[in-house]
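A single chain, nothing else alongside it, follows as structure tokens in the form predicted on its own.
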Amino acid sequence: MEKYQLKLFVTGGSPRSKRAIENLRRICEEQLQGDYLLEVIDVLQCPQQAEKNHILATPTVIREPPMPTRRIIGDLSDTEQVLSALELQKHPPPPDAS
């Protein structure tokens, strides 16, 4: 399976940006279990990247391959909404060892 490629655009170290980074990393680790590449881009440091990707608000996540491109805006606190909007497939939970 090809790895998901995600770009998270944030604005500096604001609380909302930090929350989005934490939430997306948690979702990726729990649900994608390493099948992803995550790039965090600060629009204050790289405004050309924001312009190139048509970022109008932050935080914004873009999933590029596989096509079509998907994006979601917000602090990413709703796991199911993030998975649905970005069309990310969850890994099944590990079997119960009991």
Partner chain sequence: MTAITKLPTEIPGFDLISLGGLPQGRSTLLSGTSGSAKTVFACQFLLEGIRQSGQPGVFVTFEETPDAIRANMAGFGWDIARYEADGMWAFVDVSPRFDSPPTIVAGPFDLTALLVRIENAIRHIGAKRVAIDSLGGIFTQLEPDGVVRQELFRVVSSLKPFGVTSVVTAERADDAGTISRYGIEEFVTDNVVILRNTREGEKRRRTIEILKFRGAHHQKGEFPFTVSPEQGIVVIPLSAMELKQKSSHLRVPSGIEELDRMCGGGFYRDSIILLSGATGTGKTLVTTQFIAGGVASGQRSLLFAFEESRDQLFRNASGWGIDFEKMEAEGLLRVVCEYPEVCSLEDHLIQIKKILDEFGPQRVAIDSLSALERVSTVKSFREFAIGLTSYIKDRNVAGLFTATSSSLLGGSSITETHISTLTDSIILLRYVEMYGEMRRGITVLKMRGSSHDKDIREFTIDSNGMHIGKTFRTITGILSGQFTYRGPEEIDRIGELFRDPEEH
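Numbering follows the first chain given and starts at 1. This structure is a prediction, so every number in the text was calculated from the model and none was measured.
Another form, the form predicted in complex with the partner chain, is not on view; read the next lines as being about it.
- With the partner removed from view, the residue among Leu38, Ile72, Leu32, Ile41 that has a non-hydrogen atom within 4.5 Å of the partner chain in the predicted bound form turns out to be Ile72.
- Interface residue remark: Arg26 is not counted as part of the site for the partner chain in the predicted bound form, having no heavy atom within 4.5 Å.
- The closest heavy atom approach of Lys18 to the partner chain in the predicted bound form falls outside 4.5 Å.
- Shown alone here, Pro65 lies farther than 4.5 Å from the partner chain in the predicted bound form, counting heavy atoms only.
- Annotation for 71 to 86: interface residues with the partner chain in the predicted bound form are Arg71, Ile72, Ile73, Gly74, Asp75, Leu76, Ser77, Asp78, Gln81, Val82, Ala85 [heavy atom within 4.5 Å].
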